[in-house]
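We begin with a single chain expressed as structure tokens, specifically the form predicted alone.
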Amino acid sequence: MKISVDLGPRSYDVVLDDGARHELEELVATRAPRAKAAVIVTSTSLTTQPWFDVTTGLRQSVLDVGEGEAVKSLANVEDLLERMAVLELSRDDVVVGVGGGAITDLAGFAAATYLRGVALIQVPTSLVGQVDAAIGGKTGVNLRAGKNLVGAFYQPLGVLCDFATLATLPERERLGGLGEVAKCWLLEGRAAAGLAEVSTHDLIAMAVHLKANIVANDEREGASRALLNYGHTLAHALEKVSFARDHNEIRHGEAVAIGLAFAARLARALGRVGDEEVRRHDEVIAALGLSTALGEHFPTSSLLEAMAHDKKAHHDLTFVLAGVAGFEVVAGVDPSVVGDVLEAFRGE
């Protein structure tokens, strides 16, 4: 299956299929015909997987950047750019990100900034990468002050989502990816009952279709694309607080699941939705096997401070929330209300 991200002359396809990685050589030849060399940005653990036979048809170098959210740092960007320069990668050449969302974020930002931009192709190998991170052109790394605070909008030449790579995912990584799936399912207004009728591949296609349509209409998050941040205000705060202790404490999708359940409760507290919408959220999240538990090791004061510094905030607390007219960005939410809802949510 191919899903197009329609951006005029910069349009590209997202390929969803078993063996999609084998289309890389043809994609390079078609979209980057002047390229002579490629770097494959990945991790050592991925190169040992049975599916790692990625080839560009060019002189290629495999660059190990580590794995997990810890790779998304300015220090790693600098190191990756230095290695690309040593290899004398030119403006005509290609960067290929092969890995989960953290690796594709890092590879994308490096491609966007090296020589002011070189061709990029993404081969996401995790569920969260295939349904979200590698699609739409958002690239970036983290600062101590928060997640994804340094980055660029930089579209790839194509995205190859190979379902075969998902077979080797650890269970926790698979569940983490379902957090973004839950977001898309909820944004589309679907009920939990429908989840029993769809496969993982169908869920990926649903999420990619939604994101491709939104990005085509709002590439740089001026309006509707902000809806894709649903659940992420609290999620990013959870990640910031946890990363100070341990980068492996919480996965992005796990944090998003908690953020989605909280957002429904905040919308209810603000009179935007009723109990039925909260139930729908809880049922969808539970049906996907995700937890919404908010532990005491995430103090409300720390979360409020982190949310106030989220990149989507406008010097206040800003959330994407459900309402009578659908989902929309709501700025200027009273911190005392947010705090009260957090405390009540924690006690459930």
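This one's a predicted model, so the numbers in the text were calculated from it and none came from an experiment. Numbers for residues come from their place in the sequence shown, where the first is 1.
One more form of this protein should be noted, the form predicted together with a small molecule, which is absent from this view; the next part is about it.
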Taking the shortest heavy atom distance, is K211 within 4.5 Å of the small molecule in the predicted complex? yes
With a cut-off of 4.5 Å between heavy atoms, is G289 one of the residues that contacts the small molecule in the predicted complex? no
Applying a 4.5 Å heavy atom distance criterion, does V256 contact the small molecule in the predicted complex? no
So in the predicted complex, is the small molecule close enough to Q49 to count as touching (4.5 Å, heavy atoms)? yes
Can you check 293 to 301, 54 to 62, 276 to 284, 39 to 47 and let me know which stretch has heavy atoms within 4.5 Å of the small molecule in the predicted complex? 39 to 47
Exactly one of V128, A267, L234, L120 has a non-hydrogen atom within 4.5 Å of the small molecule in the predicted complex; which residue is it? V128
If the cut-off is 4.5 angstroms on heavy atoms, which of these, G101, G179, G158, G108, is the one near the small molecule in the predicted complex? G101
